[in-house]
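Only one chain comes next, encoded as structure tokens, the form predicted on its own.
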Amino acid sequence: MQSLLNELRHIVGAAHVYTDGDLTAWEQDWRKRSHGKALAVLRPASTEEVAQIVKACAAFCTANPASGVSLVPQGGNTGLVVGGTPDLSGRQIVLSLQRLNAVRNLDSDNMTMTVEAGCILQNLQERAEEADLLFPLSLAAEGTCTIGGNLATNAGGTQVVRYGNTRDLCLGLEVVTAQGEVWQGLTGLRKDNTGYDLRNLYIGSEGTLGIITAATLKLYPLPTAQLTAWAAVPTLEDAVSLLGLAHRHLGAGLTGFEVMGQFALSLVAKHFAQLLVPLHLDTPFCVLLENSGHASEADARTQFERLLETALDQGCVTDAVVAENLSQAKQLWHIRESIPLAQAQEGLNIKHDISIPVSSIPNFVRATDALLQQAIPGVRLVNFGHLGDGNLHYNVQAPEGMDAAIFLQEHEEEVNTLVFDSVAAFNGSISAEHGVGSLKVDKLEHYKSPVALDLMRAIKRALDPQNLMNPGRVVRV
């Protein structure tokens, strides 16, 4: 191993190879649920250095097939499925891409931006805005997550209903293959029908097929008007009805549609009282809507008010507030984004990132709530998420007064099986936007088509025959 480490120090410089000391920032996942042991942490500064690292590791594994050395690409380490942290073997090398953080090009005429994988998402948003353009990917971790990680997991966020997942925002990639070769696919083309779609193969593969080092991303015109409303709805059926009305009234202007259960909002009110959560005390669910467009703000507000008037008349909304300014809108979004933090303050919990056909969500929640209450009386359900695209964060908190660690120890497997079986019964997916990682890799064996799994394994073996790239994530070979 020492000869390999010496070669890696020569490639990236000794100052950027960490083998001892406190490596918690790279070895522990964001939720602090998993802590591994890395052979080393490397911090390359260029695509060429990444390629040399991969070649060196591939050659070492060829000469020492029993070594067990492998690579774990890592961005901002904000993932929720333990896909970017090492295992306990002490033989995995964490490849941190945070030094690859340049914006290589912003092409206003082509409406694209080419960036390196270690760029922090918020920095990309701000760089686009400086050019009077919009990069619409938006999620709670945007101040620390990186675009490489967003692409590796095909991240979603709050504006998927209008702009799609990260995959839909990407036009091209630069990738270091498992052999250390560099695929230059950074075109800004919106049409390229010359064979297999390699770009979409690597997006969402969580570093198991190759290492994304740069991407060319779509940009959009900045909206001239952006309005936010908060509505109380009596049932999830009413939330789905409101979504249909919003599509008809706002069209492409509907850029956000979030649903939040009463208990989820009560946790925010409990742990972050200064946020002043509106309307939640007297209604089972609240919805957060965003209307963005290129008409005047007056026209956008008129559209919004007509939508809400119709919803009130039809009874799918019982009360609503429209933000009067940008500060109020940010406050409402901050409440929504604080739900995971409030849940963490409440104690350890069981998280689920699931997708269900929008029309089936009310029945899914009703049925699964009942099954959980029957299995674990008093269990508390933190239900919120992106109703506009059918993605729920259907999280489970211990009953009041029960030790959270004991709850996880005794019930996590039972809860996951119950929820995932229910997801399957409603033709859903057990991972909507967080990925599979190592946390769900065994579950995938039960809920993914055997044909699909065989195809995934065949792709993995073809592109990474040494199993060098993030083994044990997404699919086992």
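Source: prediction; values computed, not measured. Throughout, we count residues from 1 along the sequence that is shown.
What comes next is about the form predicted together with flavin-adenine dinucleotide (FAD), which does not appear here.
The shortest heavy atom separation between His434 and flavin-adenine dinucleotide (FAD) in the model of the complex is within 4.5 Å. The closest heavy atom approach of Asn77 to flavin-adenine dinucleotide (FAD) in the model of the complex falls within 4.5 Å. Proximity of Leu97 to flavin-adenine dinucleotide (FAD) in the model of the complex falls within the 4.5 Å heavy atom cutoff.
Though the partner is left out of this view, His386 does reach within 4.5 Å of flavin-adenine dinucleotide (FAD) in the model of the complex, counting heavy atoms only. Stretch 138-146 is the answer when you ask which of 138-146, 217-225, 259-267, 272-280 has residues with heavy atoms within 4.5 Å of flavin-adenine dinucleotide (FAD) in the model of the complex. If you take 440-477 and check each residue for a heavy atom within 4.5 Å of flavin-adenine dinucleotide (FAD) in the model of the complex, you get just Asn470.
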